[in-house]
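Okay, so here's just one chain, in structure tokens, the form predicted on its own.
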Amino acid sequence: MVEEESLRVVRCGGSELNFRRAVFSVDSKYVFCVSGDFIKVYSTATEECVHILQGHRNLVTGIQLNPRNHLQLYSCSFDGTIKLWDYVDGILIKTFIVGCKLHALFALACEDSVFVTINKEKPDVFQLVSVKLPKSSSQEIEAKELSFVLDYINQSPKCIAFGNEGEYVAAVRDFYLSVYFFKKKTTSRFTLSSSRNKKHAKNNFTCVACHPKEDCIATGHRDGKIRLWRNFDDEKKYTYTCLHWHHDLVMDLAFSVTEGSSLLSGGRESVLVEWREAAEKNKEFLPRLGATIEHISVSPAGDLFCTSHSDNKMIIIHRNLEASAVIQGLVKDRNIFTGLMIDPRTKALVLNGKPGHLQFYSLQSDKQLYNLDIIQQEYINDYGLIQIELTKAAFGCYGNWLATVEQRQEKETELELQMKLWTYNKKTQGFVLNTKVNMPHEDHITALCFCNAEKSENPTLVTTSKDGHFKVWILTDDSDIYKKAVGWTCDFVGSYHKYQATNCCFSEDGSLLAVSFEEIVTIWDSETWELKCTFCQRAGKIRHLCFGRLTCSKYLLGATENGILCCWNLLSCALEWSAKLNMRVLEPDPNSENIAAISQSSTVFVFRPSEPRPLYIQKNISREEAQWGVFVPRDVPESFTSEAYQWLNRSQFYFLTKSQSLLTFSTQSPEEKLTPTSKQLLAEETLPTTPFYFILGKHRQQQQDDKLNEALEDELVQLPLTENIPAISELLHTPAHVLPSASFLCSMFVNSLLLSKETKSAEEIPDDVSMEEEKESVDSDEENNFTEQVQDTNNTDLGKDIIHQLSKSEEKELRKFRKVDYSWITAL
């Protein structure tokens, strides 16, 4: 039973992972990144999210390790606070209240203060100040002691860097480089000569990085050049050298000082460049990273790099420039033309991803599963180029079919339109293109839907268009004499007084099709395609259309652009009720009669078409406008007893805001929703959870002990510990490139896990085998004494300690070892 007040709106994903630079832990086992109001802790080995640090009430804008305790993390936010976390346990330790918006955070080992960027009265004027963090036992402390350091700086933390163990700080903005020396308390300002003479110069600064041990400052510029500044303690004798490879602006820079000094740079080319010893000729590349590099981070040990990209992903890279892990968040497309869909097979959220792709996004683990390339053309990142857009998509037949629509229009009269039908291939576990239809309509397609009725014999797809027609597509035999190929073909074309067709949907049993033509809703028989009736309220163009389900299947709902929600009764062919609500989202629950609607004022209404009173109302669900919503069926039903919350028992409702943050109604915090795998990984981080772990893990010894205790009293069986078996040890510790084939190792590996036949009791061994062993044994006095000792031990009371009884074959092996001459050891 869940209490009413425990239900709340929580952010469950979709926030930007690339908003700020990622930060590594000292041992490089974890990487931290800001994600909306949270800080996420990922394992660099498995990509699992092991902790979500939550406590800020606004956007987190900076994170830094505590220089005095490397198991703690500082964070700052727009809510005006600096928080100190224990990231291992996910616990908030202290909160320092500064009282103004904080845009960036920096921490030095030699200071008892932290540095933050704050905004002055003018919106584009920022200052770098130090904040003294007072020591106190209380959990909330006011930190009002601010000291001015630098003025006229950029709000981005990429434009501020501390160098040579905190002796100076460098900041860039526009065409100026400012360097503040803490000991001298003086500021030097530098500018490039070309920027003074040329009015439209492109060498303005974009980022800065300082060498951690030398007096060297690297600056990135809009013209793609990197400049290395030295002797900058003298405004007249300073020098700089240029490195040039990038053809566009340099997005970020970072120094790595392990095994020699090197400089990392990245930009829009999606290539990570490593400049060894900061030399023009000595550079290495890691190309094809997929998207613009926004940030570059280096681990304290220097063994790992992390690049953050514009498609909301982070790539963990080894020191030898090999990518080892990819943490992919929800890809932020410019527009979500397809809306939100649920893949019936994987329960993944499906929507527009990177250009020309559909992304399949796991709601449980908050990361992308995979991308499906729909357009199948190379994307050219050129400003002003008209791209092919993926505009519509729909799943049908329980995930067996996928329909997509793509379009490109350079001029009003030059519309390129293409519809593709994809079938799910069980062998490849993915979608394969089945049918491609060029120009399925003469104008833009406004909607498409499948008939997902259980009793439907042939898959059916309906498309509507601004050309005034809706078309019915059916799956037919496409073909050769063997009749093994199937394809989609147009079966019927319908229209209504040349009005533009705007929406379509099937009833739950598939017997009726509703198509809206601007302000008019038409009902069609899905077997004969005859027009049955029409509904016209003249309340504006129909924006959303859906049928009721289960006991409410006799109702049809429509939301208009003028803010009217209408409900029609299909039995009486009359308007049942209407309400003045400007709906942005209208989404039916596939597992119940409930329908969720979100208004433009960010208010959620949950209702049943048969009842005039809403089941649930929640105002101000987010600071931004909610634009898309979807119900996701639960694998395990909830047990809400309150009538107001029972609509969440069978399905969970997710909605996406304008900035593409994913929110939901839940009783659990994001930390509580972490998967058991990630929690187990955190508790036992030295043993990654793999199939071999379940064979060789620590829990195996306990299982062996339990089996020993259950053995028969008169028959003691010793089960071999798997970690002591040579075959398994060699398999796991031998380098992969020298191992034989898996087919050769398989029988040896499986046999090593089985009980040896030699562990059988003496009674089970045949008499003839015993006779042979006795003949081969040597009757020496020492051996007889050894046997007598074993027998005496077996006759004693076992008590708590269980002593293994040797079989005759084991005794034979021991006798052989006793005969070996070990005198050669004395000569060593």
Partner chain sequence: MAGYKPVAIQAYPVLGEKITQDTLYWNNYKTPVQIKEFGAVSKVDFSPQPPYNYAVTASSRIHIYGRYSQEPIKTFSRFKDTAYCATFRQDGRLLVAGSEDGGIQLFDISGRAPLRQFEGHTKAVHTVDFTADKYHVVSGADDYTVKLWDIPNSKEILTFKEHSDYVRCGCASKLNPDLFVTGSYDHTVKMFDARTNQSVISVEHGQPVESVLLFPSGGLLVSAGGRYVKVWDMLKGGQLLVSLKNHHKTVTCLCLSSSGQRLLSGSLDRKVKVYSTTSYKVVHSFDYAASILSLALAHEDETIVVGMTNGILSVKHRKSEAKKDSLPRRRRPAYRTFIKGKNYMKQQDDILINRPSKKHLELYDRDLKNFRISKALDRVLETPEITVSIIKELNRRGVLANALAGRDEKEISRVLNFLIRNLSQPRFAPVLINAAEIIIDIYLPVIGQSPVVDKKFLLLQGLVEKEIDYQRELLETLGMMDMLFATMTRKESTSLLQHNTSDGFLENRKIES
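Numbering follows the first chain given and starts at 1. These numbers were taken from a predicted model, which means no experiment stands behind them.
In what follows, reference is made to the form predicted together with its partner chain, a form of this protein that is not presented.
Do heavy atoms from each of 315, 378 and 388 fall within 4.5 Å of its partner chain in the model of the complex? Yes: 315, 378 and 388 each sit within 4.5 Å of its partner chain in the model of the complex.
Evaluate residue 520 for contact with its partner chain in the model of the complex, applying a 4.5 angstroms cut-off between non-hydrogen atoms, and reply yes or no. Although its partner chain is absent here, residue 520 would stay clear of it in the model of the complex, with no heavy atoms inside 4.5 Å.
At the 4.5 Å heavy atom threshold, is residue 414 in contact with its partner chain in the model of the complex? Judged by the heavy-atom cut-off of 4.5 Å, residue 414 is in contact with its partner chain in the model of the complex.
Touches its partner chain in the model of the complex: residue 288 (any heavy atom, 4.5 Å): It does: once its partner chain is placed as it appears in the model of the complex, residue 288 has a heavy atom within 4.5 Å of it.
Does its partner chain come within 4.5 Å of any heavy atom of residue 469 in the model of the complex? Within the cut-off, so yes.
In the model of the complex, which of the listed residues (373, 124, 174, 140) lies with a heavy atom within 4.5 Å of its partner chain? None of the other options qualify; the answer is 373.
Please pick, from 244, 237, 132, 408, the one residue with any non-hydrogen atom lying within 4.5 angstroms of its partner chain in the model of the complex. Filtering the options by heavy-atom distance leaves 408.
Stretch in contact, per heavy atom within 4.5 angstroms of its partner chain in the model of the complex, of 414 to 422, 611 to 619, 568 to 576, 646 to 654: Going by heavy atoms within 4.5 Å, the stretch is 414 to 422.
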